[in-house]
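Before any questions on binding or motion, here is one chain by itself as structure tokens, the form predicted on its own.
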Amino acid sequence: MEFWVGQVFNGISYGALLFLLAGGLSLIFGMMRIVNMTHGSYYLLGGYVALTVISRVSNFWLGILGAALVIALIGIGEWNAFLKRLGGQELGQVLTTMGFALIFQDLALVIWGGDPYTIRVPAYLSGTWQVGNLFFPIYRVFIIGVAIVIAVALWLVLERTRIGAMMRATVDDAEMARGVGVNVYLISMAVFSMGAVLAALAGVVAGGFLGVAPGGDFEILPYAFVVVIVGGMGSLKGALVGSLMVGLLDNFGKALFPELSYFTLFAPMAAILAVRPTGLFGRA
């Protein structure tokens, strides 16, 4: 029993981390239809920036704030300089963002080196909680809590605010939105920077969980794309459900069938898409 409860908890905590990353990708890829291969770079650079800030000021929360600000500026710069001109040009988006991903990966290697690091978390987030014979790492509980807060905040912004209504209008019909006075350029830039900030947050949180190391961007990015595509492009509910599915399938696959871990993850995903090509909660 302890094994199964432990594996479910580990799968949910990993799924929560994936939601932080996939939530931002859902905004950029699912809503704006921009194939952003640098999303993994925002994740990796967010972890490195937080690592640098924390090593200087010894404050985990300032590390999160610093990473969010730096990655938001990088995302805004990339959007303004390149991506705003590539709307609807998927090949151009892939080539441009993949090029930036490789550039960012090399820059990170030059600046921070090739050694893996672990972000130092506050003492009150270390240790474990014991419930009977079960032990639950506090930091993983913290990751789940952060994902819940972000999910609620995104839902409130997208579904219950005027800004969210303008975002949805911009996605559905940019010309009509522009005609009724919506600043489509500003809204698109805000959505892109919000997605970049969520990726940076995921990188910081993962830094105290999985660590920060070269190659982490391309290692986790496919999982985020799977979450968005299976859950349904542009669907926040789909990103949440897809993250939990991928987290649990990946964790149980590696625990029970390590030699078939990729099969146990991607085979169910392929079956879902065969039945529902638009994803679980995607719109036709």
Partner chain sequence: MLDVSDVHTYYGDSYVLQGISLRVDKGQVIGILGRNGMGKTTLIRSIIGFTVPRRGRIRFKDHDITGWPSNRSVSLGLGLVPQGRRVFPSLTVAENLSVAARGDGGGWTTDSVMGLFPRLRERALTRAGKLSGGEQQMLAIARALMTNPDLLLMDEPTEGLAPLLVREVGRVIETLKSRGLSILLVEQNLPLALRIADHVHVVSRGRIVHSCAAGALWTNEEVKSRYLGL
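Residue numbers count along the first chain shown, from 1. Keep in mind that this is a model prediction, so the values were computed, not measured.
Omitted here: the form predicted in complex with the partner chain. The next part is about that form.
Engineer: Name the stretch: of 71-79, 209-217, 196-204, 179-187, exactly one has residues whose heavy atoms fall within 4.5 Å of the partner chain in the model of the complex.
Structural biologist: Contact criterion met by 179-187 only.
Engineer: So, Val149 and the partner chain: in the model of the complex, are they within 4.5 Å at any heavy atom pair?
Structural biologist: No.
Engineer: Contact with the partner chain in the model of the complex for Ala169, defined as at least one heavy atom pair within 4.5 Å: yes or no?
Structural biologist: Within the cut-off, so yes.
Engineer: Is the gap between Asp106 and the partner chain in the model of the complex 4.5 Å or less for some heavy atom pair?
Structural biologist: Heavy-atom contact with the partner chain at 4.5 Å: absent for Asp106.
Engineer: Answer yes if any heavy atom of Glu175 is within 4.5 Å of a heavy atom of the partner chain in the model of the complex; otherwise answer no.
Structural biologist: It does: once the partner chain is placed as it appears in the model of the complex, Glu175 has a heavy atom within 4.5 Å of it.
Engineer: Here the chain is shown alone; which of Ala165, Leu91, Val110, Leu156 has a heavy atom within 4.5 Å of the partner chain in the model of the complex?
Structural biologist: Exactly one listed residue reaches within 4.5 Å, namely Ala165.
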